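The chain below stands alone and is given as structure tokens, in the form predicted on its own.
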């Protein structure tokens, strides 16, 4: 295969990876809308077809549980210049990535996947992002300097990293894992904000990067100050809306038209393959 490029997809639980996979499989098998890349070969076609059918019918896609992953999923796609792109979904379970954060461990297999990757899309579900809490918003009885004696008498809750640690902290830590594994070599990173349709509920229109800067400022500073990371920002709604609006989504004549993909210039299209194509260096990522 000429000019083979590999893409390794990451994201915490509920990040939108499975929905994205269902949408990209349908898009690659239907030519009603022109995509940057086309299907060449794949593994686990039956599993992907079942996912895709549920996506088309706007049904809930079951979240992949730890121990039930389809680790061998691989899709080869080709662009107009005959370049081959290999999409690796080595583990669709977000718990695997969260365990890396909590337990500080990673398998040798995943290390090899990351080492060989030309591009890494990191999925973040904007519906899971918690708002910023200022010190002034913390209840007075929880402020150590003001109530040290009271705190000593209380039985403080045990920290649960999954629930208590901000998502941006977990993402930064995972990216630091990647940097070490890649031995500080240049990394093509795509920050993919899934459930992008939810931004219609906010005042004003923000680009994907502006959204990260506003809602996850620490992550934004990490990305902008890190010369190793060649970062692009994407807003993606693979389903196009909430499942509660199923009837409305089903009224759209072509399922691919439900897809929303927005780049950092504010340009919107239905090509679900575009973030992958750009992140792995398609057309020199211009």
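Numbering follows the first chain given and starts at 1. Values in this document were obtained by computation on a predicted structure and should not be read as measured data.
From this point on, the text means the form predicted in complex with a small molecule, which you will not see here.
- Figure note: of the listed segments 98-106, 160-168, 174-182, 192-200, the one touching the small molecule in the predicted complex, with heavy atoms no more than 4.5 Å away, is 192-200.
- The small molecule in the predicted complex comes within 4.5 Å of a heavy atom belonging to residue 16.
- With a 4.5 Å cutoff on heavy atoms, residue 276 does not count as touching the small molecule in the predicted complex; it lies far away.
- Mapping the unseen interface onto this chain, residue 242 counts among the residues with a heavy atom inside 4.5 Å of the small molecule in the predicted complex.
- When the small molecule is considered in the predicted complex, residue 60 lines it closely, a heavy atom lying within 4.5 Å.
- Screening 27, 237, 231, 52 for any heavy atom within 4.5 Å of the small molecule in the predicted complex leaves a single hit, 237.
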